[in-house]
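Listed next as C-alpha cells is one chain, alone, in the form predicted alone.
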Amino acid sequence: MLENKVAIVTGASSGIGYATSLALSKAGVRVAVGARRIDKLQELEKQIIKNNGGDIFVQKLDVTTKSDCDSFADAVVRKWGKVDILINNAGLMPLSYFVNRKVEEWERMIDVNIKGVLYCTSAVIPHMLDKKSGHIVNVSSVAGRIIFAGGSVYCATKHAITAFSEGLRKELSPRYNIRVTCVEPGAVSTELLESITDESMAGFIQASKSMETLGSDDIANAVLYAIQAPNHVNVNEILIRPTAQER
C-alpha cells in the first residue's frame, strides 16, 4: 500500500523521527529526511540503504526558517515528483518553571514546535492540493491534552499543534482528500530530556528515567498504523502512553 509513496520526515536525526524514517523505508516508502545535524542524517542514510535498499533524500533543514522548509519540499518534488506524506516531528522540550523566565528557551520552543509545523505544512500543501491527495502527521504530545507545572510553555505549544491538526482536518480532509493525524506520545525514551536546563525539573527528569517508557519504535508503529489505513479511513488522533504512566 505504501510502496513508492514519498514522505518527508522532519527532526529525523534521532528518536522518533529516526525510527519513523526507518519504518517508512522498510514499508517501501521513499523518505526525505531533514534536520540540523547532517552527520546524523548521513548515518540514517547509510542504514536505510544498507538494511532496506531504500530510496532516501537527505538535506539539512532548520524548520524555524520558512525558506528552508520551502526549498526542502521543492527539492523533494524535483527528485521524486510528489509529496504524499509529511511527518511533522521536529520538536523541543526544555521544560522549566515559568517564574525562572527562560525566555530564550520559550522562544525556541515556539519557533520549532509551532512555527516549524506551520512552515513545513505550508511548504507541502500546494503539492498535495494539486493531486487532491496526501497525509499530514503532526507529532504532538500528551502535553497537548494535560498541563503540568513546569510545562506551561511546552504544553501551550503542543495544545497549539493538537488544535491546528483538528482545524487542518476540517479544512482539508472533506474538500481535498488530505488526511490529518495527530500523534500524542506520553513518555518516550529520546533526547528530549537532555534539553532541560532548569535544575528545578530534576525530580521530573528522575521520574521519567525511572519509568518503563515507550521506545521510538512504538511511536513509529503508531504512525505506520495511521498512514496504512485505507484511503477512506482518517485516523485523526492517536494518544499513546507507557502502561506505567499515570497522567
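Residue numbers here begin at 1 and follow the sequence given. Bear in mind the structure is a predicted one, so any value in this text is a computation, not a measurement.
Beyond what is shown, the protein has a form predicted in complex with a small molecule; the following relates to that form.
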Determine which one of 153 to 161, 123 to 131, 99 to 107, 79 to 87 lies within 4.5 Å of the small molecule in the predicted bound form, judging by heavy atom distances; exactly one does.
153 to 161
Exercise: residue 52 in contact with the small molecule in the predicted bound form, heavy atom 4.5 Å
no
Indicate whether the small molecule has at least one heavy atom within 4.5 Å of a heavy atom of residue 191 in the predicted bound form.
yes
Although the partner isn't part of this model, could you tell me whether residue 234 comes within 4.5 Å of the small molecule in the predicted bound form, counting any heavy atom of the residue?
no
Although the partner isn't part of this model, could you tell me whether residue 187 comes within 4.5 Å of the small molecule in the predicted bound form, counting any heavy atom of the residue?
yes
